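Take a look at this single chain, the form predicted on its own, given in structure tokens.
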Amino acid sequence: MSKTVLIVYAHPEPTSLTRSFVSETIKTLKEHGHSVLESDLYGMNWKATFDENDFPCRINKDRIDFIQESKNAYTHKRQTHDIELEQRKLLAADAVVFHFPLWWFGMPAIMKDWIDRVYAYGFAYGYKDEGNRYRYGDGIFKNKRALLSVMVGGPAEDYSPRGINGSLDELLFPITHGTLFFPGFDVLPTHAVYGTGRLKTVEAEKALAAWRSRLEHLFNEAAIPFRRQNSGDYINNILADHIRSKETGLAIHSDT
């Protein structure tokens, strides 16, 4: 069955490995009959600051309350055109693929600001004006899928569970569990390519082949089993005492 996939990507260099993966994503998805939407953040010259200019019809002219202004703009259809367009893409998509290089242990600033600006109150948080009721497994993106494709300059061992940089899954937890699972996405395990700073042509081709194979299972691969807020696992937003009672840390929020 044909699906719609939004590709959000951030890299300023057209010949980068990130952009090669983007091209492969578009090609592979279309070959499998899917429709593709794109958000090339550098190509769009995306506004990478979240500020007063995002609220053309301010409630308070003297001081910015971002939640208040965001709620007002979204609710009364007074958002800037670029934000509204990206929200439409997200609503139209059955899955979203994020392509980016790992810069200082996270996504590039331009992509982070895409999140800051597009994730309006009432849209990605404060859903249905119900505060925190619809989050972590619920929310506006429920039943949609999300996948990170990350190019990592360093070697895999540096990002292993005992590696000096820390586990990549833990480094990206604020994105996978926060940015994506919080508003309802089913989040797939991150696809990482390591050692990209020294990757040879043959190795790059193998990495692209592995990525093609991954994309073929975009809509049937098992998602990360993050614990849902409204599943009964949490009591007053604290994991229930009978669940992994002697453990702490990020891993306890996944039902593995």
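Residue indices: 1-based, along the sequence shown. In this text the structure is predicted, and so the values were computed from the model without any measurement.
A second form of this protein, the form predicted in complex with a further copy of the same chain, is not displayed here; the remarks below concern that form.
- Residue-level contacts in the model of the complex: of Arg145, Lys89, His177, Lys71, one residue has a heavy atom within 4.5 Å of a further copy of the same chain, and it is His177.
- Though the partner is left out of this view, Tyr127 does not reach within 4.5 Å of a further copy of the same chain in the model of the complex, counting heavy atoms only.
- Heavy atoms of Ser16 reach within 4.5 Å of a further copy of the same chain in the model of the complex, making it an interface residue.
- Taking non-hydrogen atoms only, Phe219 never approaches a further copy of the same chain to within 4.5 angstroms in the model of the complex.
- When contacts are judged by a 4.5 Å heavy atom cut-off, Thr28 does not count as touching a further copy of the same chain in the model of the complex.
- Here the marked residues His11, Tyr119 and Gln229 all reach a further copy of the same chain in the model of the complex, each with a heavy atom within 4.5 angstroms.
- In the model of the complex, the residues of 141-169 lying within 4.5 Å of a further copy of the same chain by at least one heavy atom are, in order, Glu157, Asp158, Ser160, Pro161, Arg162, Gly163, Ile164, Asn165, Gly166, Ser167.
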